[in-house]
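Shown here is one chain on its own, the form predicted on its own, set out as C-alpha cells.
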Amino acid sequence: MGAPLLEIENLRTYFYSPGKQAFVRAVDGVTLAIARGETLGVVGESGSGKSVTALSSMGLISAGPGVISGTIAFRGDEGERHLLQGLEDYVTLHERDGRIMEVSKDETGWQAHVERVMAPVRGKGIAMIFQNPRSALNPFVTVGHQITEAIRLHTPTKDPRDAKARALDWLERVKMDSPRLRFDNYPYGLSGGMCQRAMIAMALSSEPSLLIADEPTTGLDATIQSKIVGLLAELKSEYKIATMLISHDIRVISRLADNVAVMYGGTVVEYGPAPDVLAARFNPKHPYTAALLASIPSAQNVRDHGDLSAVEGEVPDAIDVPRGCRFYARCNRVTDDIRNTCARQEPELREVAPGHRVRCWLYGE
C-alpha cells in the first residue's frame, strides 16, 4: 500500500499556564497515520486533544510553547515533507524523570520557520474545515471572493473569471442554495449550514490531498447536520480525498470513517478498523471505548442497560497527568492481577488483532 499520506509519531503539544505555573499537556504522545483515500475518524471527550492534534498538523499552534516534539510526515504530490523538521533548533527542553518540566522557545524564529515550511502545504496539500465556520470566514469579504482567492492561490487557475466560474461550480457541488446569489453574500448573511457548505467548497476547491474536518456538524440543528453528513459521504465517494474527521458524534464517524482513533487524555488509546472499534460487542476493546459506546442513545443500549450509562469519574487533569494508565481512575474493568501495573505504568499501544491496537494492560503479552 506504500507509505501513509500523513504520519504522526509521538506528537507532544503543551501550553504553559502562567496562573498554575505548569504545562497543560493537551497532546501527549499521539501516534497515528492516514493512507491515501482513507477517512480516519478521531473520537473522544472534550479536552482529549483531537482539535489540537489537527491544528498541530496544520502548523496553526502559535501560542508558546506550542508543538514541542514529535514528527509529522506529509507525503503529498510535491514529495515528502517533515512538517516539524528544524523546529527543534528554536526550542530547548528541560526534562526530569522523562517529563518535560521547562521549555525555552524562540517564538519569533519558530513562527517564521513554520510559515516557510507550511506555505506550500496549507490549502493545496492539506485543507481544513474549522469547527465554527462562521468565525473561520472573513466577515468583511464576500464568500465568493474568499473561495476565488483560495483557487487563485493554490491552483493553476489565475484568471479572475475562470476562478469565479470554478468557485460557482464548487458551490453547486456542495449543494449551496442559489450559488450565484450566495457568491456575493457576506458570511453574516448566511445560515450556519450555508457557512459550512461555503467552508467545504473553499477547502475542496484547491483539490487537496488531505482534508481535515474538525467537528463539521457542531452547532447545526439536526436536519442540517444530516445534510452535511450526507454531503461529506457523497464527496468521499466521488473524490476519494483522504480525510481526518474529528467528531463527538460516533454515529457520524461510523457512517464515514474507514479507521477510527479513540483519544483520551491527550493520547490514542485505541486504533483500528471502524467496524471493529465501533461494534459494541467486538472484543478486544479498550474500556474507555466500551464506555463511550454504551453512552450512545440507542434502542440497543436501552434494552441492554435499562438506562443510558455515563462514563463515571472526571477527565484527567491535563496538567497533572497520571503516571500509569490515564483511564485507570475511571475504569470498571481493572482486575487484581493488573491493578498495581495500571496505577504505576502507562501501557503501550499494542496490536491485539490485525490492524487493531489497544493501549490497555488487560491485553498484555
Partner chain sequence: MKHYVQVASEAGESSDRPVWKDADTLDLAYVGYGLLIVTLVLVSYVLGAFKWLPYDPEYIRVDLLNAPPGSAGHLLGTDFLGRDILSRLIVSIQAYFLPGLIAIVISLVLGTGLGTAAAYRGGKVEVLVTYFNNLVDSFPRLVLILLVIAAFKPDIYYIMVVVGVTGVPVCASLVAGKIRFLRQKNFIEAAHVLGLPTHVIVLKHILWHHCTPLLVIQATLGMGEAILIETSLSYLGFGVQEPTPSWGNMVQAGANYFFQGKFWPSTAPALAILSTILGFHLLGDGLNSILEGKRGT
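Positions refer to the first chain, counted from 1. Predicted, not measured: the structure shown is a model, and the values here were computed from it.
Although it is not shown, the form predicted together with its partner chain is what the next lines describe.
### Query
So in the predicted complex, does any heavy atom of Arg99 sit within 4.5 Å of its partner chain?
It does: once its partner chain is placed as it appears in the predicted complex, Arg99 has a heavy atom within 4.5 Å of it.
### Task
Indicate whether its partner chain has at least one heavy atom within 4.5 Å of a heavy atom of Arg25 in the predicted complex.
Heavy-atom contact with its partner chain at 4.5 Å: present for Arg25.
#### Entry: Lys105: touches its partner chain in the predicted complex, heavy atom cutoff 4.5 angstroms
It does: once its partner chain is placed as it appears in the predicted complex, Lys105 has a heavy atom within 4.5 Å of it.
#### Entry: its partner chain contact at Ile319 in the predicted complex, heavy atom, 4.5 Å
Ile319: yes, in contact with its partner chain in the predicted complex.
### Task
State the residue from Arg323, Arg333, Arg339, Arg36 whose non-hydrogen atoms include one within 4.5 Å of its partner chain in the predicted complex.
None of the other options qualify; the answer is Arg323.
### Query
Taking heavy atoms and a 4.5 Å limit, what residues of 15-29 are near its partner chain in the predicted complex?
Residues within 4.5 Å: Tyr16, Pro18, Gly19, Lys20, Gln21, Ala22, Phe23, Arg25.
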